[in-house]
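Presented below, as structure tokens, is a lone chain in the form predicted alone.
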Amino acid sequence: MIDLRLLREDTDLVRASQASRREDPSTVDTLLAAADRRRDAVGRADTLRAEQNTTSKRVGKAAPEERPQLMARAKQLAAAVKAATAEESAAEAALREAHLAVPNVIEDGVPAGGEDDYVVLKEVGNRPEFDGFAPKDHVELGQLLGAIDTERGAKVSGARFYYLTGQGALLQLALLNMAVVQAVETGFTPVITPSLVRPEVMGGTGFLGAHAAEVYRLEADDLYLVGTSEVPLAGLHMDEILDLSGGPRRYAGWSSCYRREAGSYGKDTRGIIRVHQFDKVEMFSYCDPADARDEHGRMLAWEEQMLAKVELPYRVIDVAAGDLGSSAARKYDCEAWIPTQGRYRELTSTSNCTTFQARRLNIRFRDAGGRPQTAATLNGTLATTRWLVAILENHQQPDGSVIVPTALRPYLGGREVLEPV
């Protein structure tokens, strides 16, 4: 949730953020009205409770001739307090609903617009040239290597499921292990997270708004399957006050991720680019909001470090406001070149969620004066199953073999080449 103090002090900033996101600006006015209604309701209820307490004390001390009038007033006040309390509760519920409807306020400099309005910040590396042969896509390479089996995945589980077998399974484990090692070397605590979370955690991270259709729900248990370990890592310190005196608290979550891919009918139906289940190592950081922008830059640098290790050509984009998701104030994507598609595809994202998630989840820290303040949260991808697509296609050889990037070889037992089986 956004800071209500910011809403009151700089309403135009929040309205401008909504406009950049292409969201309805009237939600800002609705939230302001709801905040005013709650403030008035709380004030009225508190005033009546104070008068009720005073009157109750006077009844006990009153002379006999005064007591009937005071008791009648006490009865009136009891009814008024009951009604005011009900109004207070209703105003509180209306405020929460209005509060949840307003996404995070974007950072200065975020491009306005939708999915296609991103800004390319830089391009890194050289796209491969395939002399004398036409490159194969990752599905064909995966079949040659005995690494990816989408047909049996569909037979067992349906469309957009797959098996990673043999060299494919080993390659993914090597990639994710390399990501965990890098994360530990840069100060992250490794965590294997739960795959199921309660509604308050899923909602607290912002995934039950516009993205609710993407989430799998187990209705019998009222639990949700996570689409990223960002969710359980955000919930890890829910309702806690953290010690951030030593700097950000960082976690690297290894998890299986589940996404319904609602609305993606007909898109990326071939292969493992857009699937219902995949594995991922995700960075997550709690920090002082004053350090959030710098922490965001550090996360992007760590993502680029991983991409350099697997020797992929990529670009970094500044995602436009309308494509951020409700929690993010800014997001950078790293997109790798996919030769057979002739375009870049997202491999990593890193988002600065400022205090938006922490305010919903009641995660705080103590400032230099010892006062509790809302923390900032950030997240960023270090490796996922989708990376296999880019690694296989960019490093393929004419015979269908694939050169293993040098940094990845120790995690594959020293193997230098993946050979067709």
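Just so we're clear, the structure is a prediction, and the values are computed from it rather than from any experiment. C-alpha atoms forming the largest set that superposes within 1.5 Å between two forms make up the rigid core. All residue numbers are counted from 1 along the displayed sequence.
In what follows, reference is made to the form predicted in complex with the RNA, a form of this protein that is not presented.
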| property | result |
| --- | --- |
| Heavy atom contact within 4.5 Å of the RNA in the model of the complex, the stretch among 375-383, 388-396, 350-358, 31-39 | 31-39 |
| Whether T27, L312 and R345 all lie within 4.5 angstroms of the RNA in the model of the complex by heavy atom | no |
| Option touching the RNA, based on a heavy atom within 4.5 Å in the model of the complex, out of L242, L100, A74, L300 | A74 |
| One residue of A78, L196, L208, A94 in contact with the RNA, assessed in the model of the complex (non-hydrogen atom, 4.5 angstroms) | A78 |
| Contact test in the model of the complex: N53 vs the RNA, heavy atoms, 4.5 Å | yes |
| Proximity of G60 to the RNA in the model of the complex, heavy atoms at 4.5 Å | yes |
| 4.5 angstroms heavy atom contact with the RNA in the model of the complex for E66 | no |
| D367 within 4.5 Å of the RNA in the model of the complex, heavy atoms | no |
| C-alpha of G60 off by 2 Å or more between the shown form and the other one on rigid core | yes |
